[in-house]
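Here we start with a single chain on its own, the form predicted on its own, put down as structure tokens.
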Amino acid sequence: MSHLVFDAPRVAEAYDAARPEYPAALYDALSELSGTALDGALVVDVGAGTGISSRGLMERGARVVAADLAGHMLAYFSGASVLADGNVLPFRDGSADLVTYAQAWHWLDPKSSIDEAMRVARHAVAGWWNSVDTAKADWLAECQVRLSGVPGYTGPEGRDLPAIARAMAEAGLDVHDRWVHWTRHVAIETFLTNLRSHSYMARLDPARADELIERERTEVLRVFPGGDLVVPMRVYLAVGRKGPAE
């Protein structure tokens, strides 16, 4: 499934409006596990989309270049950006302190992408993913069960998250990972728009997508009649540090 499904104006708009940001603890963990202070670091953020992670890094003092092949997505980011394939990065060897992937690495070739990231990064390569924490809320688990019938839906994480850690280790990086738990407080319309921003929804016939969204609205309002949702979340972070010889 191509990640360019996101390069449609309506999908990019939904993505930027409703996808969750990342908690402060995620960026703290990134700095700790990578051994790199974000303040002043040069970061290449691969698969940056609309710049959610790029903005989070910049708020912590990092200098960021956002890279993505989806031009409609990058248009939402006001910082430095480049249209680029994460498997063939257009950057010089050792030109960045960190290469990062937020909600993105699973769209790339496992070996080529890590090889390229190692070439460009001086210190470390990192990838992370937000997901709902279904173990902490029955209503979220029930939502996932209902969505399981949608073609292309693969669960709340959507992928085998430790795969990036294995790819990093196979490439010779010193790998550390961590789960960061947090809570998102969000209005129901934002929650539903977030659903629309996922690839499995974007590929549906619009009428079918509308039908599923209305079904979820009805079910979620049974739990949160006022429309203000409390959503338990967790972020998986994997960091591969380069050795002293590199």
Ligand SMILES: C[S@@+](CC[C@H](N)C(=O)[O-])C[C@H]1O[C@@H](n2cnc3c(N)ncnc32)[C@H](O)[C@@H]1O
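Remember, predicted model here, so these are calculated numbers, not experimental data. The first residue of the sequence shown is number 1, and the count goes up from there.
Beyond the structure shown, there is the form predicted together with this ligand, which is absent from this document and is the topic of what follows.
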property	result
Partner-facing stretch of 207-215, 176-184, 49-57, 31-39, counted where any non-hydrogen atom is within 4.5 angstroms of this ligand in the predicted bound form	49-57
Residue 104 within 4.5 Å of this ligand in the predicted bound form, heavy atoms	yes
Partner proximity in the predicted bound form: residue 201 to this ligand, non-hydrogen atom cutoff 4.5 Å	no
Residue 133, heavy atom within 4.5 angstroms of this ligand in the predicted bound form	no
Distance check, residue 192 to this ligand in the predicted bound form, heavy atom within 4.5 Å	no
Sole residue of 114, 124, 96, 108 within 4.5 Å of this ligand in the predicted bound form, by heavy atom	108
Answer option from 65, 26, 188, 70, heavy atom within 4.5 Å of this ligand in the predicted bound form	70
Interface residues of 5-36 toward this ligand, as seen in the predicted bound form [heavy atoms, 4.5 Å]	6, 15, 19, 22
